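What follows is one chain in structure tokens, specifically the form predicted alone.
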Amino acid sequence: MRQNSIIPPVKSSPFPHVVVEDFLDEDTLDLVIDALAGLEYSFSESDLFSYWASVKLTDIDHPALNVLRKDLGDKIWRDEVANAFKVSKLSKIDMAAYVYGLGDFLLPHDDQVEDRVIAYSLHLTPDLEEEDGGSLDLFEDDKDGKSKLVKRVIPKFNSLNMFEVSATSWHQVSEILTDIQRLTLTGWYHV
């Protein structure tokens, strides 16, 4: 179950985003990690990305994933997320798990697909350090339409990163530089 139900103030630069630390209680966290470890992952690679992805987890019936879907998708939490980001009501979520290993990456993109409003990523790798790579990098556009890296978020274990999806929400997962596995449960809130 959610341990931390309080969303700290949303930061606006370079685009609206927030990190909720200690999101899940220890028991739920352990169950979710065990459930994700038991999934099959498919390797996906192009010039824009390299990672291992699970199937969509929205419809998988598994006790730990059911609890997590409830924690992320219940109406009270969705309303809190919508209020924090000052967006209209959020109707549903989707989710999948991703594993990034040595050399894996996801180049800059904005997540604007279908009716996505808020992106989220629950980080499940303990002791990830800046030198390991795998940071969530946030970009800002300048007046000439060029983007520059302005913020690097090192994924902290059991933290939930969220940001508003828009034409300016350019972000990436930096290349993994050491022999670790960066595990995240990622998805979107939709209108």
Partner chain sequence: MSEINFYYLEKPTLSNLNRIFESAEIPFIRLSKFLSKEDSNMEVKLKRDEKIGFYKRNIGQAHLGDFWKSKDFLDFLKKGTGLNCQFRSSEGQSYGPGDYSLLHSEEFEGKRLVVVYDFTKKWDIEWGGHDIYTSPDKDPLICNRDAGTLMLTRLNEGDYSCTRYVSLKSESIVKFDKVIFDIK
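Predicted, not measured: the structure shown is a model, and the values here were computed from it. Positions refer to the first chain, counted from 1.
In what follows, reference is made to the form predicted together with the partner chain, a form of this protein that is not presented.
Novice: Choose from 146-154, 34-42, 122-130, 63-71 the stretch whose residues reach within 4.5 Å of the partner chain in the model of the complex, heavy atoms counted.
Specialist: Of the options, only 146-154 has residues within 4.5 Å of the partner.
Novice: Taking heavy atoms only, is Trp77 within 4.5 angstroms of the partner chain in the model of the complex?
Specialist: No - in the model of the complex, heavy atoms of Trp77 and the partner chain never come within 4.5 Å of each other.
Novice: Would you classify Leu102 as touching the partner chain in the model of the complex, given a 4.5 Å non-hydrogen atom cut-off?
Specialist: Result yes; Leu102 sits at the interface with the partner chain in the model of the complex.
Novice: Can any non-hydrogen atom of Ser50 be found within 4.5 angstroms of the partner chain in the model of the complex?
Specialist: Yes, Ser50 is a contact residue.
Novice: Looking in the model of the complex, any heavy atom of Glu175 within 4.5 Å of the partner chain?
Specialist: So Glu175 counts as contacting the partner chain.
Novice: Can you work out which of Ala82, Leu107, Ala96, Ile93 has a heavy atom no more than 4.5 Å from the partner chain in the model of the complex?
Specialist: Selected residue: Leu107.
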